[in-house]
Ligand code: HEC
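In the block that follows, a single chain appears as structure tokens, in the form predicted alone.
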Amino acid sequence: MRTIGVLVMALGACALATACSPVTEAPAESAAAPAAAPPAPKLTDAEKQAILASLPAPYNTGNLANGKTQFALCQSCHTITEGGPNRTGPNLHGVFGRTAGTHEGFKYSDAVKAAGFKWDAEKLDAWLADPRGFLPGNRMSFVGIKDPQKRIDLIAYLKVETGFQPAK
């Protein structure tokens, strides 16, 4: 019984410590971890639909439920929440408009660091279709999504869920 109690205490401590999480990239250089940002308010379905409707074609026709399903292929390596952790890939919150290879705290391949472009829907579509062909030398092992509609749905979902702000 004592062994079980010790195990339960150890597992509880592990759940509270980030050291138990697998680390695949070097952490950001800092003396102290920054305070966690308060969670962003959840968007209502109506707000999500309004953002979707504001997107340029063809993304304004995206199916958010299917986009979420497609993101399941990505979530083992990426998070999308504001202030979320990097995994094998960088956190994608705020990715649209960000210069490739610049998300703080993530160690990118030389190819991505040297890419020099800003992420937009068209660049992400080409990346998702064939990551290695789009940017040779990157470390992403994902083979891509060949179906154009699945990419449209995924990009629409990412725009809605990663803090994209439509032009006013």
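Note that residue numbering begins at 1 and tracks the sequence as displayed. Quick caveat, the model's predicted, so the values are computed rather than measured.
Although it is not shown, the form predicted together with this ligand is what the next lines describe.
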{"item": "Contact flag, Thr61 vs this ligand in the predicted bound form, heavy atom cut 4.5 Å", "value": "no"}
{"item": "In the predicted bound form, Thr88 touching this ligand (heavy atom, 4.5 Å)", "value": "yes"}
{"item": "Residue contact check: Leu158 to this ligand in the predicted bound form, 4.5 Å heavy atom", "value": "yes"}
{"item": "This ligand contact at Ser109 in the predicted bound form, heavy atom, 4.5 Å", "value": "yes"}
{"item": "All of Ile51, Asn66 and Ala121 with a heavy atom within 4.5 Å of this ligand in the predicted bound form", "value": "no"}
{"item": "Residues in 136-157 close to this ligand in the predicted bound form, defined by a heavy atom within 4.5 Å, in order", "value": "Asn138, Arg139, Met140, Ser141, Phe142, Ile145, Leu154"}
